[in-house]
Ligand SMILES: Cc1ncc(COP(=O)(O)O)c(C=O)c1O
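The form predicted on its own is given below as one chain in C-alpha cells.
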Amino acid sequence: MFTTPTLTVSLPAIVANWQTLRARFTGDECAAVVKADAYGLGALEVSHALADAGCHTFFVATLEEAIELRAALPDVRILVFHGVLAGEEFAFAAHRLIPVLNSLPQIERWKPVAAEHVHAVSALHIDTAMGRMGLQVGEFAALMKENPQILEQCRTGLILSHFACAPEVENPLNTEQRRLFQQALALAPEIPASLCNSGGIYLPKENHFQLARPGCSLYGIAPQSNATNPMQQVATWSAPILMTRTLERDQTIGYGATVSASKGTRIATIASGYADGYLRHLTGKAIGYIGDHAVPLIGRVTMDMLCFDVSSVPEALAHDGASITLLGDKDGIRVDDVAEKAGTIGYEILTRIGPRVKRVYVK
C-alpha cells in the first residue's frame, strides 16, 4: 500500500445531514444534489448511501453525470440542471433522465421526445433573480398565452427556480424571488414546485413548496450565514509527513523567502499542495492538526508540498510517515473555516480536492 494523501468521507454523516434537512423541510420530498461528483466527494458512493436511506430524487449538472449515475442507480429520479443541448434529446429518453428545460430552444428540442416517449418527462426552470438560466417570468407568461398546452406537451412534472441569497435570512431578495415564482406558478397551479436549496430550507415555510433540493449542506457546509452550523462535518483530508527537520540556523522557508524561522524550529513537510486543491490563498493563514495539536502552515503553499511548524508537538507524534490533517472536524479546519481563510466558499474547497487525494469511505 502506497503512502498517499487521503480524503476520508463519512457516508453516515452525509445521510445524517440529509435527514436533518428532510426533517426541517415542510414540503413533500427532500431530494439531493450530487453534481460535480457530489461536490468532489464521490457521486456514486454518496448517492448509493442516500438512496439506501430513502432519497429518491437526485440532481446533477450534466448529461454525462446523469448517465453515470443512472448506471449505478436504475430506480431513482435523476434531473439534469443544464437541460437538453442539441443532439442530446433522445439520450435523455434512452436513459430515463429528466431535463430541466431552461430556454425556448430547449423546450422545442424536448417536445418531439415527449411526443414519442411516454416516460419522457421534464422540469421547467423559471429565472427569478440569478440571470443565468431559465425562462423569465414574462417570457413564461407569453409562452403560456401562445400555447396553453405547452407544459402538457413537454410532460412537465416540476417547476423550479433558485434562490440567490438564501443563506441570508433577512435578505429582501428572498421575498421578491418567492413573489415572482408564485406569479409564474399561478399559470400552472397543478404542477409541483421547487425553490429551496440548502439555505432555503432554513427560510420560513412559505418558501418551501413541494420539493427541496439541498446540495452544499449535505457535505457539511453551513446553510445559513452568521448562524451555528447544524450540519455534521463529513470530510477529513490528511497528508503524510515526508520528512521532519530541526533547523540548525536561522533561515527562510519556501519560495520567495517570505517567512523566516529561527534556529531550533522543527519543520514537517507533507505531501499535498495546490496541485491537490489546497489553495495558495491559504499561505500564511492555514493550520493543520497532528492529533489534537494545532500546527501553523509556514511558507508558501506550493504545488506538491506544504511545510508546518511542529515545534510544539512531541517528536513521537510528528515524524516521517505520520499525518497532518488539513481538513476535518476541528476548530480552524472545518470546511467553512478553511474557506474563510482562503477568501472563498466551502463549495470551492471541496470541489477542488484533486484525484491524487485518495477517497476512502466510512460506511
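Remember, it's a predicted structure, so these values are computed and weren't measured experimentally. We number the residues from 1 along the sequence you see.
Same protein, other form: the form predicted in complex with the named molecule, not shown, and the subject of what follows.
- Note on the partner interface in the predicted bound form: the residue among 43, 318, 33, 307 having a heavy atom within 4.5 angstroms of the named molecule is 33.
- This chain is drawn without the named molecule; in the predicted bound form, the residue among 215, 254, 273, 240 with a heavy atom within 4.5 Å of it is 215.
- Using a 4.5 angstroms limit between non-hydrogen atoms, residue 25 is distant from the named molecule in the predicted bound form.
- Taking the partner from the other structure, the named molecule in the predicted bound form has a heavy atom within 4.5 Å of a heavy atom of residue 198.
- Among heavy atoms of residue 249, none comes within 4.5 Å of the named molecule in the predicted bound form.
- Contact between residue 81 and the named molecule in the predicted bound form is found at the 4.5 Å heavy atom cutoff.
- Taken together, 132, 162 and 347 are fully in contact with the named molecule in the predicted bound form: each brings a heavy atom within 4.5 Å.
- Of the candidate stretches 63 to 71, 35 to 43, 297 to 305, 326 to 334, only 35 to 43 has residues whose heavy atoms lie within 4.5 Å of the named molecule in the predicted bound form.
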